[in-house]
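Single chain ahead, by itself, as structure tokens, in the form predicted alone.
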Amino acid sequence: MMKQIFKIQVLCVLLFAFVGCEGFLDREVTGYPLEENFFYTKYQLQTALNATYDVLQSDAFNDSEWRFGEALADDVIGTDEGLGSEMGQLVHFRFTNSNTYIKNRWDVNYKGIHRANQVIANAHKVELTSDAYTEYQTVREILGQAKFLRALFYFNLARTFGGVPIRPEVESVDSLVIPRSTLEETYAYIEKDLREAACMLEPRYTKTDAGKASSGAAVALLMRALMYQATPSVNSEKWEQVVELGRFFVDGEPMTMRQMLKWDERYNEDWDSFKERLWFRDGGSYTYTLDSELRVLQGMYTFNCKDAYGMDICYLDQWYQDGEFCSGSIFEVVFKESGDGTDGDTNEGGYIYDDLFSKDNCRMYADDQIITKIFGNDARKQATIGHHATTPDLQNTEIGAGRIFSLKWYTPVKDKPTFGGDNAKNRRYLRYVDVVLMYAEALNECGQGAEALAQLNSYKSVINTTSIDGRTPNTSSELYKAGGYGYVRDQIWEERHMEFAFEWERFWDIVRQGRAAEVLKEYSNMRPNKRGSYFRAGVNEIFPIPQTEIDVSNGVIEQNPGY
């Protein structure tokens, strides 16, 4: 008996080391593996899905998101940029393969993958109480959300590390060490999950279902994943696929399941097996076929700032509780209050915004030079505040001389949680304007500059008449102008920079645009400590595989070039 216990303990340690996933260690060792006693009902499957969403809400996940997506780029100045700290080494690109923040990013995303895998691998065990169509639909939507979440976690890993190990859905001692897949294989896996999820989920979830990943979220993330595989100024099938999805999402062109799945190119599975695997049950007079048209996405999301009840809100309210699940929001990371003042991951997301916007414990800020570079004279500059300026709800920020913070990180007085350690402000992860700007960029890359400009200005014309802070109307009439490929592309990138400033995506954007070294070199000339000057083109676009993963795999997992 003692030998058996020792073997179990060793297995747990090895699993943690290889996949960076506390989920294994959270289990109580019993007479049977947990999977043998669980997943028999749709409620148990939903519980496992909730645990997967829980990773998105965790402090560890969100801490990694802002450190990599925002702090590494050119829109912020950090309060921890000294080379004596691991964070300082990270932002200067002078880190080692054992940097804690790099290891944490690997671990938390694999933790999410493991939890999503448990849902996907065990969905077939669910025993329904009736043969009703809605029973199948419930399981199918749980499974589709798990596929979306797994794709999200793998997408994070792919753009951080390149090709990564694709973990088996059912873990075993024999599968502890998995070699890296290529970047192309990793993205193919992500695309397959998202294409299937787009067929399985509702176009949009509202009211009590708000917060669930939808078909709209799956298509939006798929467009993002395709765009990250494409290269600006180089014709490719990936750009064409973004255009195809944009025509479906934005323009309302019909799309069949065959088209979404890329069935004829990707599947060696018969249709009946596919339907059974993904819980598609023909119901009533409706029969699922490869030529069934997907539910329409056009009109489900809009530019106009309206809350979940259809009432007008201002631009800034999109990031506050009034704007949660608003018309322009496709997917949000949902945070909650603990209700008792507890902190840490028992109160998910508790310190994320407090860390970024706090006069006592701030992490990042901008200055006048950065703000002018981003916005020029655009009215969205009002989405930032300066030293001793007041917020729209007339709060004195006391953030320090010369420091400017984004109001996207601010929590208004009316949204303040009951307890200081709590947080109840959702993070906007995917927005409709991103879909339209990705569509515009792909159109331009495919030689359709006039259409691209029309899509770009479809948003600019709305923002021109939208109040930014609820007090000052925006009366601009300026639109983007026609020109050649490069001119239109640069305007799209300029619009992306303004619209998504301080949303933790800037670093990834300049990397996939192929100009991270150029942008960070320009930024380093603005900074006394020359942050950004050590960025190595061709190396630092991705990060090293954590050294612990290399070591414990005995070299099966290979390191990235340059590290």
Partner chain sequence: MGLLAVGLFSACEDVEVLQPHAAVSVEGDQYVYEINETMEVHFTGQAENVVIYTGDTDHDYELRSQSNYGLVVNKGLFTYSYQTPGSYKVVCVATNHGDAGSIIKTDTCSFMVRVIDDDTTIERLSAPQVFYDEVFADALNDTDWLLPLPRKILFNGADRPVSLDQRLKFYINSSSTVVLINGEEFSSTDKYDLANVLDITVRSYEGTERPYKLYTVNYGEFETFEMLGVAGTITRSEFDYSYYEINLEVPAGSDLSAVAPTFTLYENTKVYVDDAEQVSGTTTHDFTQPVTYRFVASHPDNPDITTESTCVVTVTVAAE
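Being a predicted model, the structure only gives us computed values, none of them experimental. Residue numbers count along the first chain shown, from 1.
FYI, the form predicted in complex with its partner chain isn't displayed, but the following is about it.
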Would you classify residue 537 as touching its partner chain in the model of the complex, given a 4.5 Å non-hydrogen atom cut-off? yes
Taking any heavy atom pair closer than or equal to 4.5 Å as contact, tell me whether residue 486 reaches its partner chain in the model of the complex. yes
If we define contact as a non-hydrogen atom of the residue within 4.5 angstroms of the partner, is residue 481 a contact of its partner chain in the model of the complex? yes
Is the gap between residue 352 and its partner chain in the model of the complex 4.5 Å or less for some heavy atom pair? no
Answer option from 211, 78, 203, 232, heavy atom within 4.5 Å of its partner chain in the model of the complex: 232
Could you work out which of 411, 97, 137, 327 is the residue within 4.5 angstroms of its partner chain in the model of the complex, going by heavy atoms? 97
63-71, 498-506, 529-537, 42-50: which one contacts its partner chain in the model of the complex at 4.5 Å, heavy atom to heavy atom? 529-537
Of the residues spanning 535-563, the ones with some heavy atom within 4.5 Å of its partner chain in the model of the complex are 536, 537, 539, 547, 550, 551, 552, 554, 559, 560, 561, 562, 563
